[in-house]
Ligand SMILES: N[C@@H](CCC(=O)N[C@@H](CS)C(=O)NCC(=O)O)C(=O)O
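Let's start with one chain on its own, the form predicted alone, as structure tokens.
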């Protein structure tokens, strides 16, 4: 896409953010590739944290557009849709659809992987590369794209093909971990999520669907937009159906445990401090984000008998990029959790 047209669409998407202080903010202004990258993201978003940690680790400058991704009600009780549902943001995000998954996500699996589930056109993060004219909508592809764009030392993707394949396998493992399902769902036996999370999640799907139906009514002249909103309604309706499904919630917990066991095995096989190669890789960044989110939800119990995973957690959370863009962001943007306190930031590995 031509740069002028793309910048115009970015500007319109930026207007979906109610507070101008969260829009068009220059981050790491002294970093590499200044003026190239525009990021739409959310502080609490798991996938956004992967991208921001990658940008930070590589020392990349970017324009930050921080969105509120949950609906709210004003003093009169009127529902205010999440900012990432805004028509102009959805139009921008759909530009990346053909380059990633060609289909819209319209079913619920508890997983947010674009490559396996399709594109959620009302989600974050979205990266715009003004240099190449690309809109990238899959956090895994975004992080690989950022790393490839930065020359010189510090690459997070190994050049050796064998190590690169190891990294890609770990990225997929994190990508397919059901983080949305674990955050939104009610486990029948041991739901350790903060009380405020539980309270909010009881009505979250109803509010999403209400907001989306209102947006369909107010954008009846835009078939492509309506298609995206209807796919989103279908997906969120599926989430509501499975939110209290005991068998489904147990499957999510079991699959997460299985991935942690496999991580422990991979750490046993590793001959270096890092998971896949002689130096820090994207695999370590992705797993750091995953483990922080699991710990926040009280699910570190899933690796309490896996000592290598706990040691690995301590190591990857000692990275400044992870401390700032994952741990601090989680503590600042989400309700307090007894399982993720500031002591994680205070200690050194």
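Numbering follows the first chain given and starts at 1. No experiment lies behind these values; they were computed from the predicted model shown.
Just so you know, the form predicted together with the named molecule exists too; it's not on screen, but the next bit is about it.
Residue 193 within 4.5 Å of the named molecule in the model of the complex, heavy atoms: Flag for residue 193 set to no.
The named molecule contact in the model of the complex: residue 277, any heavy atom under 4.5 Å: Contact with the named molecule, no.
Partner contact for residue 290 in the model of the complex: the named molecule, 4.5 angstroms, heavy atom: Output for residue 290 is no: heavy atoms all beyond 4.5 Å of the named molecule.
In the model of the complex, residue 137 touching the named molecule (heavy atom, 4.5 Å): Although the named molecule is absent here, residue 137 would touch it in the model of the complex, with heavy atoms inside 4.5 Å.
Contact segment among 263-271, 164-172, 222-230, 116-124, judged by heavy atoms lying within 4.5 Å of the named molecule in the model of the complex: Looking at the other structure, the answer is 116-124.
Contacting member of 302, 309, 69, 315, with respect to the named molecule in the model of the complex [4.5 Å, heavy atom]: Selected option: 69.
Sole residue of 45, 65, 54, 281 within 4.5 Å of the named molecule in the model of the complex, by heavy atom: Selected option: 45.
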